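Shown next as structure tokens: one chain only, the form predicted on its own.
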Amino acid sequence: MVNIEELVESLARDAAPVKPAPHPFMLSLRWVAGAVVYLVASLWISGLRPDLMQKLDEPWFVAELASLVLIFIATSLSAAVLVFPDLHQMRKAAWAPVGLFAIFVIVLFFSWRADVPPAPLPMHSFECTVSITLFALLPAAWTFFSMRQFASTHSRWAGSVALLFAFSVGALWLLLHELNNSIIHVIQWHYLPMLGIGLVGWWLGRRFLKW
């Protein structure tokens, strides 16, 4: 018995302290706070679109903005839940982005129906996708780095949601910065690329989040 007690004391003395994992809400809050600081600083440098106050009087623009903000928050929480092997008993939170993306599509559909006569297309096209992607690189990197410290058993899904979170930060930045009223352009070059980004995250998650 004495030997066992000595063995337990020895193991306890030699064991390295382990920091408890944060709750998914706290983990998500960290990512959201970091992204908001990044977004505000970027808008402070790049500037807000000059007609922003006027656009905030348009219901479908507000609905688009609100839907995008909800996707931004939901993907952050989903990614935080997906880093835990048991999803932290929050399976519904992990799947929340699916429903919000469905609402987002409905909002875009009604925005397109309300765009009569259609606003003129801007001169540029894919440059918006490139800008959003470049803007999303930093939040994508810090989110992936943070997620690697956990033990996701849903690596593909976690990677996909993490990149959608980062891309939504970029989409919010461009929505608030770019002077553009064409919903067709926005759908084509701002939001449809999310499908490709999700697939890239699916692949990256398998490579970098698998354990």
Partner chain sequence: MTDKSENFEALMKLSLSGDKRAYAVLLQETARFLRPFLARRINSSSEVDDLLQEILISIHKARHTYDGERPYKPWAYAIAKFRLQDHLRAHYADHLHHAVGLSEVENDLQAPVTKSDITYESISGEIEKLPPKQAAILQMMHQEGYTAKEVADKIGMKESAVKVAAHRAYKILRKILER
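Positions refer to the first chain, counted from 1. Remember, predicted model here, so these are calculated numbers, not experimental data. Heads up, when I say rigid core I mean the largest set of C-alphas that superpose within 1.5 Å between the two forms.
Absent from the display: the form predicted in complex with the partner chain. The rest refers to it.
Although the partner is absent here, F72 is not a contact residue: none of its heavy atoms lies within 4.5 angstroms of the partner chain in the predicted bound form. Contact annotation: S125 falls outside 4.5 Å of the partner chain in the predicted bound form, judged by heavy atom distances. Using a 4.5 angstroms limit between non-hydrogen atoms, F84 touches the partner chain in the predicted bound form. Although the partner is absent from this view, L199 stays clear of the partner chain in the predicted bound form, with no non-hydrogen atom inside 4.5 angstroms. Checking N180, S67, S28, S152 for any heavy atom within 4.5 Å of the partner chain in the predicted bound form turns up a single hit: S152. Exactly one of the stretches 142 to 150, 35 to 43, 53 to 61, 162 to 170 approaches the partner chain in the predicted bound form with heavy atoms within 4.5 Å, and it is 142 to 150. Contacts of stretch 9 to 30 with the partner chain in the predicted bound form, defined by any heavy atom lying within 4.5 Å, are made by L11, A12, R13, D14, A15, A16, P17, V18, K19, P20, A21, listed in sequence order. Superposed on the core, the two forms differ at A15: its CA moves 2 Å or more between this form and the one not shown.
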